[in-house]
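One chain is shown next in structure tokens, namely the form predicted alone.
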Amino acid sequence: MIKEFYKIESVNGELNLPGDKSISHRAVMFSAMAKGISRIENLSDGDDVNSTIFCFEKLGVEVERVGKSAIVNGKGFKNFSKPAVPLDAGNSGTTARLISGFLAAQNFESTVIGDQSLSKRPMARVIQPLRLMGAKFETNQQETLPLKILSGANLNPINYNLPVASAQVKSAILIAALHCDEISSVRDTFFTRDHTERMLGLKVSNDSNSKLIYSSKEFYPRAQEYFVPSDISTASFFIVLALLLKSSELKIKNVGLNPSRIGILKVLKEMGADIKSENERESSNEPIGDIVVKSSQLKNIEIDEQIIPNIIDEIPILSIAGLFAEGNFKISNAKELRTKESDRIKSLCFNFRMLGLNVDEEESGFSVSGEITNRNPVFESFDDHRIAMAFSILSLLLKDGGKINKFECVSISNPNFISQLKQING
């Protein structure tokens, strides 16, 4: 589907956005693992989280969805049923990687599959530490999906130094370790997002160079109530739109303000953005608040390498902000972008070149300069929801608008993106 967008003049009002995708995955998974009834409020309605729900339903878990809420009747420790069919993670890397850590500890054989895009993404980074714990797998030479997880493994505790900036890898190990009597630890020198640690109440020790996270059967999840804050990654598209349009003021309510996720706000503020938070509080061990955004004149900055893992999902929309900011936009040390739903470095550079811009693509980043000469482009989404939404925002800023090919992929994280735009279009 090709979706056309036309230039708008301003945005104003309030938004209540879907629940954070990362937290929603974990709320479903931990509720399924707990014994008894858990309730989840403001659960993400995106396709990715639905994939996690479908997988656990195949494992015998009852999930009742009512609007933005869900009631999960959890099975408890190793009380799951052997799935009769492969567990389909769809497009969701979080589903595939986190559930692999869970399945590695079960007493039955299972297989995880995914769509064409997910089946190209690396799984070795999860398989290797789980094998060190005693998990048994059958996989292809590339160690990508489909992944067959063999039964009979009695997992052993592990002390593991995280080699890549991946909260998914970290979480897969920590979830597997929940099935061990003795303590495992993961050392994270990248300070990746910490939703798993917070939601499970894991023990964490910090120093200036890393944090050490401990997990064992002691921390196995218990039935409870969760409120999922709105997704900062989803909010970032509307934040950048409000910053770049004149006479705009936007409030986004109940947004997750987890320090491991708000790097995008820090970078935008350093660029000159007028962004404030209010009504700050905590829910389910996660800090939340309302974000107020006003039109701003932005200036490109040198982005610190240390913050890249914190903003990795927001780089597509951050690059749109950079395109309209004073100076040239450059991102470096972001090779992980090449292993997302699409090769996001390649995807972004392709679309920027379509505008007639000067683009310098490198292995771990890119830079953009020059003036837009193509005023009515058809952008490619590459079946990547964040690319589709980023260039939708760009299209709303162009004099003659723009079109997005295969726009329907936005349903992966935010199927109501269009209605939300209409709600705030001044």
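Residue indices: 1-based, along the sequence shown. None of these values were measured; they are calculated from a predicted model.
Below, we turn to the form predicted in complex with a small molecule, even though it does not appear here.
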| query | finding |
| --- | --- |
| Joint contact, Ser22, Thr94 and Arg97 to the small molecule in the model of the complex, by non-hydrogen atom at 4.5 Å | yes |
| Residue contact check: Ile312 to the small molecule in the model of the complex, 4.5 Å heavy atom | yes |
| Proximity of Lys75 to the small molecule in the model of the complex, heavy atoms at 4.5 Å | no |
| Proximity of Lys335 to the small molecule in the model of the complex, heavy atoms at 4.5 Å | no |
| Gln168: touches the small molecule in the model of the complex, heavy atom cutoff 4.5 angstroms | yes |
| Contact residue in the model of the complex, chosen from Lys266, Arg125, Arg198, Lys148 - any heavy atom within 4.5 Å of the small molecule | Arg125 |
| Proximity to the small molecule in the model of the complex (heavy atom, within 4.5 Å), stretch among 312 to 320, 241 to 249, 174 to 182, 80 to 88 | 312 to 320 |
